[in-house]
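A lone chain, given as structure tokens: the form predicted on its own.
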Amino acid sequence: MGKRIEWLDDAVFYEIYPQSFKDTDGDGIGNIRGITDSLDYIRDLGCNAIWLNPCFESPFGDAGYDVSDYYKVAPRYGSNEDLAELFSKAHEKGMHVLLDLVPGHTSWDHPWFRESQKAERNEYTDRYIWTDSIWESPEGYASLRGISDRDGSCLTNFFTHQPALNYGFYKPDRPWQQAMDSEGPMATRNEIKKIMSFWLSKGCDGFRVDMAGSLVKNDPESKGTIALWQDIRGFLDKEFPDAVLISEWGEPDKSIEAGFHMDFLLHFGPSHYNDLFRCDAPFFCGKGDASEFIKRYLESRRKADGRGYICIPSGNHDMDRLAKYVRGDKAKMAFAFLLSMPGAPYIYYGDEIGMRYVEGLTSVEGGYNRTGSRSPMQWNGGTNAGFSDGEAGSLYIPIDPDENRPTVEKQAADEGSLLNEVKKLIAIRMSHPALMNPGEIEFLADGAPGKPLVYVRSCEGERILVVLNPTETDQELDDVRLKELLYVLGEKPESTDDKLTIKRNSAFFAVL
């Protein structure tokens, strides 16, 4: 990993999907000025860092994850100057901003790809991964075929319109597969460094990297991809040593070795993250099982060997909303977990007020089932919930139609709201070194069926017990003596000299 970045030790991130956050020009699409105008809200919540989903020029076949110009803000969001102003205003408030970098593929509308499709050899011929014949598809990968005069099939990364950029093959086994140090892959790598430099020079604090573990092909143990990112980290350490890198990888032992400061536990793959929040019986609804998640989490910490951070988000733009499964006091308990675990917490915009998953929406910009989690932020009881002054039909995605939908305005006025609970939890976290990002963790109970989740956070001589009991039965702990209760949800625990009774549907933090 790169050098230690001090601000990451107490970072609490807020993820913003820019087209759905705040519209200031009435066109129905959120923009950068809307984010800048909302910095005080984010800071008052307690978040001091922002992850901004892609805001670069794009045909928006995949909501901006199909980039057509990495060096230009999409006009619907504003200008490069608007983005630089966001960086500057955030820094004035002691906040940091990470951009979403999509290095694995571009849109097929990108000028690089248009050049790469030409039969005549040129600078961009090898910027993407092509076979030597239209009749050969890349084995194990989807591909584009018959789209131009170039004789070959082009590998794609996600949707059909997202051709994969060429970083080479760790073990080439076909004539058309290029080694990592070939001219084409090296040109791609160098271009990514230029893109990073461009935005870091304008005040960006770093990048969340999309599909970071997928760049080098035929790389089953990720050795080539790790080496690629180590090279990029070395470049950053020379030119921009304070640049933060956060990976969408899901294997912290690999990503942190590769030079990333943080990795996410993902809702796909082996983490069992969904056991907590998003399954038929989530742990935080009181009838689930957290034990396999804890087992995998501890394995990841052991493999990472104390380096970097493992991040657990409340959700993101690719998941169903948290409130689809976990609501009311259960949602408060879920946030008590998220905001008392090691690593930097991530709050997806609107989760702090319990925004709902909007059912039955037609797909927007490649969202499909994800569209219901990308509806506009609900600020107040005004037009379009305060998101936009535009006509309802012009909105990027329709507002949640429920007239009882939660809003910032309503929840700010309600002392017992989820919003105020999240503010309280972040404030407690920030006040105690043991609860901050670098603190250690020891599990006393792993949330097996019918059991609570209990752990001790520790740092600088401070030890804090965290107890989360979403079950319908009281629980007991032996030989636990509490010095001071910091936080209580539901009923207070009953404590004697040798026994602690944890009430059902309750949670608390206590100094030991």
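Note that residue numbering follows the sequence shown and begins at 1. Note that the structure is a prediction, hence the values are computed from the model and not measured.
Quick note: we don't show the form predicted in complex with 1-deoxynojirimycin, though the next part is all about it.
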So in the model of the complex, is 1-deoxynojirimycin close enough to D62 to count as touching (4.5 Å, heavy atoms)? yes
Mark D210 yes when one of its heavy atoms lies within 4.5 Å of a heavy atom of 1-deoxynojirimycin in the model of the complex, and no otherwise. yes
Flag F158 as yes or no: does it have a non-hydrogen atom within 4.5 angstroms of any non-hydrogen atom of 1-deoxynojirimycin in the model of the complex? yes
is_contact(R370, 1-deoxynojirimycin) in the model of the complex, heavy atom dist at most 4.5 Å: yes
So which of 402-410, 87-95, 316-324, 130-138 is the stretch with heavy atoms within 4.5 Å of 1-deoxynojirimycin in the model of the complex? 316-324
Honest question, do K332, R429 and D446 all end up within 4.5 Å of 1-deoxynojirimycin in the model of the complex by heavy atom distance? no
From D275, E421, E257, E248: within 4.5 Å of 1-deoxynojirimycin in the model of the complex by heavy atoms is E248
